[in-house]
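Single chain ahead, by itself, as structure tokens, in the form predicted alone.
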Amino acid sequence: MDENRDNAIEAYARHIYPGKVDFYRKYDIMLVPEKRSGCFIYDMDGRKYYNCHCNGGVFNLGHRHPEVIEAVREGLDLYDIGNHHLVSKPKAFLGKMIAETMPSGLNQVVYGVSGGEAIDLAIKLSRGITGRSDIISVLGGYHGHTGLAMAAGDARFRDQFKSQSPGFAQIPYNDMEMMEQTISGETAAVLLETIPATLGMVTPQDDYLKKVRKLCDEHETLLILDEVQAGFGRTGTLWGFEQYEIEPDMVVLGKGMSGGIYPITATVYHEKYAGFFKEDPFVHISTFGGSEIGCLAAMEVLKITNQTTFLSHVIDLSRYFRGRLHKLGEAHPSLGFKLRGLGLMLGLEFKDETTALFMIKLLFDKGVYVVYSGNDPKVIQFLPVLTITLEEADQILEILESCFQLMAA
């Protein structure tokens, strides 16, 4: 491909998403990545950016992590996508690896290609197991753009498609009173993101997740935790729910699982429900889900992100970023800055949407790529690469400081 940047933009506008190109042109934040490495992405015009969004955690290990690439390269000498009808060694041993990191009994793994597909299966499975139809999720949450996942998400993502599915109720996050009023003997599952990213990196309060777990037990309702973004070390533990001392009935994994190299997701559920698929093991299939090459990438990701040294590095970086960011907020009170989130799954909250959008533009012009939270635009999603050095963290923070000063002037 030897086409230049302008040709690439025009072809994208003509054949892919014209509205997206119009949006980026309007705000002068056009980025057409070409070269990429570690925490950096490079525009076709040569400009370098720190990737501090990581596509919601896809690039937790940075771009083109050499060990993940090597695992895939070596695998290509023997494997391809594989055949979902057959027993598969890579699928089997990745499943074993995942099970060994989960609470006891949470050891049944079904693979997918996208987070939405994995959520769809979790909802289907919860309905099949319980014989109930109702699903409770969170207002402003996000679980994907496919059928059941979209139904469990915010109305913004489904209304234009005239996709109204019965049996779904959305309630505010952290609102136990509404949860108690909504859950019933017809509720198959409560579906929650451990940290709702699109809602603005809101964290659970006052033992919220423990209380939800207890309520689900009382109603014989399943608890599904969406760790598509919170998983694989992003919060400072391998799985975000570990920090809240609860055990879900199902966990949905994605994004970072791919290593940014090959798409793969997983729905993990408790062994006490394993009998559901025994009678008809072909009742749910995914042609490309858990491709054997993808499994090799995911195994390497899991090896890296489950290391104590890796997770300690995330915790140390989180403390460093948090300390510096709190000081920035105190030094510039006119911005109404607050810090949200857990580990390096952070939300930079400003006094209003306009301030946040100007901050995004300033950061972009200075070489830091971030995006706002889709259902709370006054919050910038801030997810730096988990493998960055302290020196790189300092450089990012220096840019942030200069932008805070400009906005407060």
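Don't overthink the numbering: it's just position in the shown sequence, from 1. None of the values given here were measured: they were computed from a predicted structure.
Keep in mind that the form predicted together with a small molecule is missing from the display, and what follows is about it.
Interface residue among Y142, F232, F241, Y269, judged by heavy atoms within 4.5 Å of the small molecule in the predicted bound form: Y142. Checked against the small molecule in the predicted bound form, the candidates G116, G289, P248, G260 yield a single residue with a heavy atom inside 4.5 Å, and that residue is G116. Figure note: of the listed segments 220-228, 95-103, 73-81, 297-305, the one touching the small molecule in the predicted bound form, with heavy atoms no more than 4.5 Å away, is 220-228.
When contacts are judged by a 4.5 Å heavy atom cut-off, E193 counts as touching the small molecule in the predicted bound form.
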